[in-house]
Structures are given as C-alpha cells and as structure tokens.
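One chain comes next, on its own, written as structure tokens: the form predicted on its own.
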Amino acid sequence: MSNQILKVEGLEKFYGKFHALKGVDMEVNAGEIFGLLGPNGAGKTTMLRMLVGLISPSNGSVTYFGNLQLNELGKVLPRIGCIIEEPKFYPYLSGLTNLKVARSYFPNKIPDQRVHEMIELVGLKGRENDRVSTYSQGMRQRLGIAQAMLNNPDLIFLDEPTNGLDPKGIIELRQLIIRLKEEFGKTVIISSHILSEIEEMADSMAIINKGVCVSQGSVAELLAKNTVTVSVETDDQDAAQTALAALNYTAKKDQQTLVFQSELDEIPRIVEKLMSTGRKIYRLDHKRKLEDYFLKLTAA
C-alpha cells in the first residue's frame, strides 16, 4: 500500500531456547494510531526493541517507509522517535536542560526554538526550569514524548506510556497522543495492556499472545464482529425482560436499561420481538467490548 509506513514479516526472536516471538506479521499505515496489545510477557517490548534497533531479530524482515530495511537503520532512526519501557532523564537537571542534552543525540541540528515548542506542546510550559526530580510520573512521560518529538519524526513508538499514571495523567497523555496524530500527522504505535486506552485512541491494532500475532485490523471492524453487548431502554423494563427471556436472553437491569449479550445479526429479531409485545423502544445501543475480544483471543 502506498501509505504503508511499517511492514513486519515473519519476525522471530530466540533467547537461547526460549522462543519470544514466533513469526509475527504486522502492517501499520501512515497517519494512524496503532495499538500493540498483549498480556504482560507476550512479546510486545521485545518487538518494539527490535523495531528501533536495540536488539536484533533472529529471523524475519522489517520494512520502514516503503523501502528501508533493518540493515539501513542509519537512514531509519532519524525519522523515528521512541519511548521504550520508561523515559530516562538526569533527575538533577531541569526538563529544559534534559531536552537540550537529548538533542545532541540526533544527527541533525535542533534549534532552541524547537525545544521550547516541544515543551509547550506537551504542557510543561512554566515547569521547564524545574528539576525533573520534582516532576510527577505523568510529567516525566510527557517530557519523554517531547524528547521523542525533537527530531520531528514520522513514526513514534510508545511502550506502555500510561503505566503508573493516575486517571488525570492518563487522560492528559491520551489527549496528547491524539494531538500528535490529528494536528501533526504523526503515526504512533502504542504498546499496552490497558485495553480501554487502546479502545479510546487506536485506529488499528494487533494482539500478540505468547509471541504470536493472533489478530490484526481496524479496531472498529474487529469490534463489530461476533458477540456484542446490547443496552435497551423501553417503557416497561420488566415486560421487556420477560420478552427477552422468551428469546433465551438473560438481561440484567442497569439503571434505566437492560443489558445482555447477543450476536450482531440477531438485533433486528430482538427489536421485532419487543415491538410485537407492545413495548416502546426509547433507546437501543450495541458495542463490542475490546475486553471481551481480548480475553477470547488470549485465554488459551
């Protein structure tokens, strides 16, 4: 595809006799947020470390930006930014000084203006001269994104970016990641085991379990398949519950709605049954929960 920014084929990694990655295939398109999901120990960080050149694969190939290979990392690395595991800084230096030190790691000259723009982007304006040792975990994560953005990369890798954050920090980081895509056109690959965050942010995803990619595709399309969670509100919930029971659905009351599991293509029959019993349907929603889908694929 012309907009393909990363293609992984048959990627494997052995640590002695331990087979950490078992022939993973994955495709990521430009301008999307891509979620790399999996339980702890599934191989997510191993894969990211290979993709940014920190370790070498045992087998397989990786193509970046349509034509660059793993053995051309000298051309690849100036176009990517990453936080692998946890961002590291000099705690006794300020956030601003840390970024000025970090810019020396890049082959291209990064002006002071770019450094200050990244501080503002990640919401650290006013705290840039404070020591990093005084920063919260969320602030350090945002400083890490500022560092990853210094060279204006096309592709950004974030490994478990919401780990250790409180709810406010998670929301702030989520909003920042979405901005990277929507305002700056960046492609962001996020490794995570926090399913709700991927469901909120990602356009596409892959699920890795025990070193194997067990599913990949558009989040919306993957969650539209199979069983969905249905919520329905009617004029008489007790009568509606009885009508649903006649169709072998066990519906639980949740405030003003009844909630139950159904196959997607069964919803028209459910609506027809409720209307045939004289029920007025005020609202009916259905959603495929990522948690259900994830557990189904990783339960074995």
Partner chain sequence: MIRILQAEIIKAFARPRSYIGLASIVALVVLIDTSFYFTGKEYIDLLFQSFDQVFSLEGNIINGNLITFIILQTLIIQLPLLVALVTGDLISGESALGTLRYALTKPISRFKFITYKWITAMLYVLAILILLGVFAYLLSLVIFGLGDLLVLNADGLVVIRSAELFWRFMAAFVFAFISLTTVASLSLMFSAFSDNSIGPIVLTMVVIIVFTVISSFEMSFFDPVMPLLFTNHMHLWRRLFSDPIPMTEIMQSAGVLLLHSAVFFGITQYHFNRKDIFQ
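Numbering follows the first chain given and starts at 1. Everything numeric here is computed off the predicted structure, so don't read it as measured data.
Below, we refer to the form predicted in complex with the partner chain, which is not included among the displayed structures.
- Out of the listed residues Leu70, Met275, Leu54, Ala239, Leu54 is the one that sits within 4.5 Å of the partner chain in the predicted complex by at least one heavy atom.
- Proximity to the partner chain in the predicted complex, defined as a heavy atom within 4.5 Å, singles out one entry of Gly185, Gly126, Pro91, Pro167, which is Pro91.
- By the criterion of a heavy atom within 4.5 Å, Pro153 is excluded from the residues contacting the partner chain in the predicted complex.
- Contact between Ser133 and the partner chain in the predicted complex is not found at the 4.5 Å heavy atom cutoff.
- Among heavy atoms of Asp203, none comes within 4.5 Å of the partner chain in the predicted complex.
- Contact check for Asn163: no non-hydrogen atom falls within 4.5 Å of the partner chain in the predicted complex.
- Contact check for Tyr15, Ile83 and Ala102: all three have a heavy atom within 4.5 Å of the partner chain in the predicted complex.
- The candidate stretches are 93-101, 113-121, 194-202, 176-184, and the one lying within 4.5 Å of the partner chain in the predicted complex by heavy atoms is 93-101.
- Contacts between 142-166 and the partner chain, taken as any heavy atom within 4.5 Å in the predicted complex, involve only Gln147.
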